[in-house]
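Only one chain is given next, in structure tokens, and it is the form predicted on its own.
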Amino acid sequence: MGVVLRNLQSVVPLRRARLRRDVEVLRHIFGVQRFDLGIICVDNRRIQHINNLYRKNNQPTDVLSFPFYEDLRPGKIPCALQRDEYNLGDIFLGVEYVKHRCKETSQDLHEALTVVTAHGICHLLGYRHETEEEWIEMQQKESYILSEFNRLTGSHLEPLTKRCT
């Protein structure tokens, strides 16, 4: 059980070892370390294509999540019965998009990628933010996860959750 981390972009230099380490800490905090997880880092062109294809939104974005378990209630850990069911799904990180946003906010790229990955894992575990109620629930979960991450690593990460999008 583990993390498959692929870097399919060459626009932004990326330290995969650091991202992998942070993802392992997040998996532990979420309680899903037994589950496989795919993290795919892509450029604006590719994430825009995926966003348009699956969400009919023809713009680049920071993160897209594709859960293995599509009907999970928020926060519920999947009940895997077979070995091949120990899979949370895949997260596409729009690294170029995140880098551009980091330039605007003077935020560290790798810290932002960790926050965006936490957001993506929330989606894999059934959290959404299409309504105000869902947004509040997801915001609370992200805040908790990142406060635990900060406690364990000495970081100072803040959630990125957007309202009702």
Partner chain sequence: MLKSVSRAVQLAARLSISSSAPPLRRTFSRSIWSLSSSGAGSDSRPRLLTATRALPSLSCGCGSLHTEGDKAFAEFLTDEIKEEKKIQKDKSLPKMSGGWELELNGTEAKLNRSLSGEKVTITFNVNNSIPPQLEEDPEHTQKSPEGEPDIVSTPNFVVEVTKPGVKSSLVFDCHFPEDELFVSEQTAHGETEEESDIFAIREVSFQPEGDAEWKETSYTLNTDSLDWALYDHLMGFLADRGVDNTFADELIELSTALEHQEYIKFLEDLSTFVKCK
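Residue numbers count along the first chain shown, from 1. As the structure is a computational prediction, the values presented were derived from the model and not from experiment.
Below, we turn to the form predicted in complex with the partner chain, even though it does not appear here.
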### Task
Given that the partner is absent here, state which listed stretch (57 to 65, 42 to 50, 105 to 113, 124 to 132) has heavy atoms within 4.5 Å of the partner chain in the predicted complex.
42 to 50
### Message
Against the partner chain in the predicted complex, would L152 count as a contact residue? Criterion: heavy atoms within 4.5 Å.
### Response
no
### Query
Could you tell me if L160 has a non-hydrogen atom within 4.5 Å of the partner chain in the predicted complex?
no
### Task
Would you check, heavy atoms only and a 4.5 Å threshold, whether S143 touches the partner chain in the predicted complex?
no
### Query
Are any of the heavy atoms in R15 no more than 4.5 Å from a heavy atom of the partner chain in the predicted complex?
yes
### Message
Only counting heavy atoms and a 4.5 Å limit, does any residue of 7 to 24 reach the partner chain in the predicted complex, and if so which ones?
### Response
N7, L8, Q9, S10, R15, R16, A17, R20
